[in-house]
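To begin, one chain is listed below as structure tokens, in the form predicted on its own.
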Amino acid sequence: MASVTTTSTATAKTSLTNLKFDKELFKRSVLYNVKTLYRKTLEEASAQQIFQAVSYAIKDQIVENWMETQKAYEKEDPKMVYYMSMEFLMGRALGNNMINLQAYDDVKDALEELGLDLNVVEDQEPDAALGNGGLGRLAACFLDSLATLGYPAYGCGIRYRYGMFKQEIRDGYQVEVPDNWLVDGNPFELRRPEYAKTVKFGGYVTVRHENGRNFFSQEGYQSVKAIPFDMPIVGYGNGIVNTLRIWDAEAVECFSLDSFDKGDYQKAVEQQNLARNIVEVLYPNDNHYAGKELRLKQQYFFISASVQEAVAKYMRKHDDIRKFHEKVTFQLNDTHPTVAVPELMRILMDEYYLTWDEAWDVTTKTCAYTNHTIMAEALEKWPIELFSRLLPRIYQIVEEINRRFILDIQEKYNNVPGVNVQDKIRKMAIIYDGQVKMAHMAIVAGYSVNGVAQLHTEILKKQELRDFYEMFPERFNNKTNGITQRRFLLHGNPLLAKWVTDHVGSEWITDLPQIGRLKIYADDAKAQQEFMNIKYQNKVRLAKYILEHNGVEVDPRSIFDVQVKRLHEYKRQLLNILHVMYLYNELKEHPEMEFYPRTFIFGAKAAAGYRNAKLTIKLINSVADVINNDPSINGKIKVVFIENYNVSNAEIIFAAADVSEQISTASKEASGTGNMKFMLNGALTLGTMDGANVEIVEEVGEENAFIFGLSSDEVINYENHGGYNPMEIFNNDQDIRKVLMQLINGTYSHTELFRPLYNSLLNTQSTSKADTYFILKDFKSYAEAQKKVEQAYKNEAGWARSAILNVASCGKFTSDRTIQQYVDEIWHLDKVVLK
């Protein structure tokens, strides 16, 4: 058995011990798995069956390390973090696990000896449909870094059957179909029914008075059983394996024979249907009441199960629940998990009989909150009627938290000159105007509130959460996001990863700032040529993918200009495609003009109920249909929309990009992490000074990026004074007017299809509500920045220099750094080293 040491958070070095890979044993294991799982020989097995057999062989090695890690945690009893998140966008597990086991090349060789291609094997694995956007991918990167740094952690979420949805593009429109990622099973998960928990919804609360105290009990409820499935999170080369625990829902009583016999067939399967609905999809459409109710059920379901198990796990080793916070911290990844606050209070008071003050002391030392949005409408609020009916005991606790907090506000501000206490209460109360405000509760009950980029945190403090910052300044801090270089360079871009290692050694894999030693090669002509050759090969790989999936031929020698991310109006995919329309107009009017060929690549899912976002996807595809089929421009512009953007195709896209489109309206993007992934792979940022772009420019220098548009202060100033009038730009700029008229004159579709997009930019009925995201205001500045991109790309040596400097300057943006800051400044975890 491995020996174990815990070390202080500041000084520890991760041990790089690792079980020696036994190639012959691995090959025998693969053949054995094919035989015992499928009763087939290797030659008879399908590609999917071979993937499963290989995965189970890898899992055998992981499980050894997993058990050793858990033994170490049992022995040392370190403090651990429970990272609570509605999303974990994990991507494929097989390749990542092989990378972190330091067995990738060995497995590749072993499979080749069996006549198998590792790339083909990896392609059989569906992306785990457990997340959607940056929030979920950040959670996945954080779990990777926690394991690699040797910090004990559980990720806690939901085992969605169908994820958000699989995106198909039909006739240019997004169509949502179920993402049945579990159809062949998930070889890396373990079902853990011994840790099942019961979660209660609805009913009513009874009170019994005893020994001067009230004791509360929920009665007449519906319940579901939460069954945990554990997935291993493998640390890089250190033997540590942490756990992602995702909860599936099962009926407490799956079938009522009595109801069935009486002919009430619906009631016979009622509990089963309740359980199934909870784990069906990520973020059900909440444009209607039933969707809101289901989303709240989901949140309470996984939080209640996770908090119950965290408390039970603690009590298996300790006898004083009042010291829970000394060994456990909950990180709430945005507002979705905020019901952890009243749920922990409920367990402490109703099951362990702590007084309110005792329970509040534990809770407020356990819960920490990460804010991921500046958008006020994205701060979750629930109607009181829904919240109190679905979670009656939880609502009672929230009411009491709110009552006491209002007293705190009054006590603090009653005698302060110039302060309107009622105005403070209106802006800060947890329950107000018929709604339960989850962000307010997370701040009031949390010991830490962090933003995810320096600019974002400052805007929170000065704008959106200003009243809370004034009251609790010591709680606010910044933790700029990061990404794991192990997936997004080592696995996603093996050609560049090898080149980096050849030039500066392999330390960057676990210490990304070491990549800064590449800077001395930025002016080296040979290094520049090598770098551009690697980029070209990655562009050929992406061009092949596009041809296979889109049927569009793109030129790898053109500029690959890429915007891939969630589709939202503030991220301004619309600005990008309007500019493409403008360039096309220029080429049509001036066919002789000098123009470097461009390939504009988009990838994005729009929320199912988000009309303008889905219409933007249709516009991109309609513009692509026209431009890609116009022989008169000689292929100088191509437009591609990559269907079902996910982690796996992202790795191919990042590696191939020349230009990284990070063009959100300044002050709207909390951080972004795609900007970091592009930078790591040598793309140059074209962006506004928003989110983490500000820090990227600080690291690489503005001369190695293309910055445009209004500043965050300018945007906020406009917003505070009612916006601006886009009609002035429309009336005075003929290029913009022509592009906008093409939305409604039939150039790209029948005249009324894109009218809502046109109206969103120019709504003449109410100028204050027009162009909310300053697309027209920033258009000319964006077009000028795009011209600079074209000029810069023509100078291959200069471009290569800037690209190498981008790679060399991304050391700050590793999730390893972010996690170490969380550990040092918020969580105070103990590092465990296996020897």
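Predicted model only: the values in this text are computed from it and were never measured. Residue numbers here begin at 1 and follow the sequence given.
In what follows, reference is made to the form predicted in complex with a small molecule, a form of this protein that is not presented.
- Residues within 4.5 angstroms of the small molecule in the predicted bound form, judged by any non-hydrogen atom, belong to 666 to 674 and to none of the other stretches in 394 to 402, 666 to 674, 159 to 167, 487 to 495.
- Only one of 444, 138, 249, 686 comes within 4.5 Å of the small molecule in the predicted bound form through a heavy atom, and that residue is 138.
- Note on the partner interface in the predicted bound form: the residue among 481, 704, 646, 576 having a heavy atom within 4.5 angstroms of the small molecule is 481.
- For residue 108, no non-hydrogen atom is located within 4.5 Å of the small molecule in the predicted bound form, even though that partner is not displayed.
- When the small molecule is considered in the predicted bound form, residue 378 lines it closely, a heavy atom lying within 4.5 Å.
- Interface membership of residue 452, defined by any non-hydrogen atom within 4.5 Å of the small molecule in the predicted bound form, is confirmed.
- Within 4.5 Å of any heavy atom of the small molecule in the predicted bound form lies no heavy atom of residue 239.
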